[in-house]
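Let's start with one chain on its own, the form predicted alone, as structure tokens.
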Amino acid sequence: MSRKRILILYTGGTIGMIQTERGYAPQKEAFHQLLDAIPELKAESMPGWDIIDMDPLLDSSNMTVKEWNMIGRMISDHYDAYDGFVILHGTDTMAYTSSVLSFTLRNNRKPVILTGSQIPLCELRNDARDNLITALMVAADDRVHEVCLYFGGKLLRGNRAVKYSADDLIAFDSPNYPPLAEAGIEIRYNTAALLPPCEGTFSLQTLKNIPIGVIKVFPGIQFELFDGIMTEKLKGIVIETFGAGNIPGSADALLPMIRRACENGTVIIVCSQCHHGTVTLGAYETSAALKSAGAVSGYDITTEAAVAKLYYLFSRDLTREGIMQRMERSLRGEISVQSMRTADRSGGMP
């Protein structure tokens, strides 16, 4: 059997940074030299790989729709030439990028694995080496047919991952879905949790720079302060509520704002601030008002995936009703309303 070929896309981030007079900064030539010095990457048991650098290399906090489209195009342009892809990315927005790619890479049948590190590869003690080697091995595995995030020994569904630690080596979690694989002495796959191969022809949906906002509810929040942004220009809003979708009972200013936003064509998705559990609009009186005002439930979707999904659906030029229907459906295994086996993988309606 011929060796698998993997394309590494280096976008920037801590993994490839070098110590400079002004602190850590990405330097692609030095990073390439560090990669060449790792003997395991040349082992017969490893897949073959090539690397392409994004220009310019970025701290991931500077990721925008433009860069997401660039990454998508790089994968699309090389899709037929490689068996899998590894994206080296900064940790701060990695969960956003993995969520975005899970939607924009339509009918994807190949492993697309995002990884990075908390300590640069140039340091004697680092987590970069293991994350990279394991990500390459996962990217060459025929069992994986989706966008994933690998970090600290766990393979997570890309649109289920959240960053929960700024300084631990296990920096990511998947709050409402089990890991797809765990890397110990061996890489143990949770085959029941993996998405099946999708149907249809691969294509890339580029994103439009749609105005989207996120509001996090807190005790004593003065919703009237947000009245000025609730215009017809705002296409989507993610509201992070308490518990199962609850808002303060005294939120007299919020509900008229939501009704007016819905009348303007804005899609409002309700997520929970709790990492575990799901939004159930109407379960409590304080959440029923959101439903009656026109908001839709995100169930157990993460905020990162909700933002990515809104970008994706609005970029498909769907009607508001069509977007609202799809926000409450599992398109890529991002919510648990449907099981991962019934998530729509056809690339048609979604």
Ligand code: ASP
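Residue numbers here begin at 1 and follow the sequence given. No experiment lies behind these values; they were computed from the predicted model shown.
Keep in mind that the form predicted together with this ligand is not shown, yet the notes after this line are about it.
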property	result
Interface stretch in the predicted complex with this ligand - options 129-137, 268-276, 142-150, 87-95, non-hydrogen atom within 4.5 Å	87-95
Option touching this ligand, based on a heavy atom within 4.5 Å in the predicted complex, out of T280, Q118, Q205, S174	Q118
Residue among D300, D53, D59, E67 with a heavy atom within 4.5 Å of this ligand in the predicted complex	D59
Heavy atom of M17 within 4.5 Å of this ligand in the predicted complex	yes
In the predicted complex, G13 touching this ligand (heavy atom, 4.5 Å)	yes
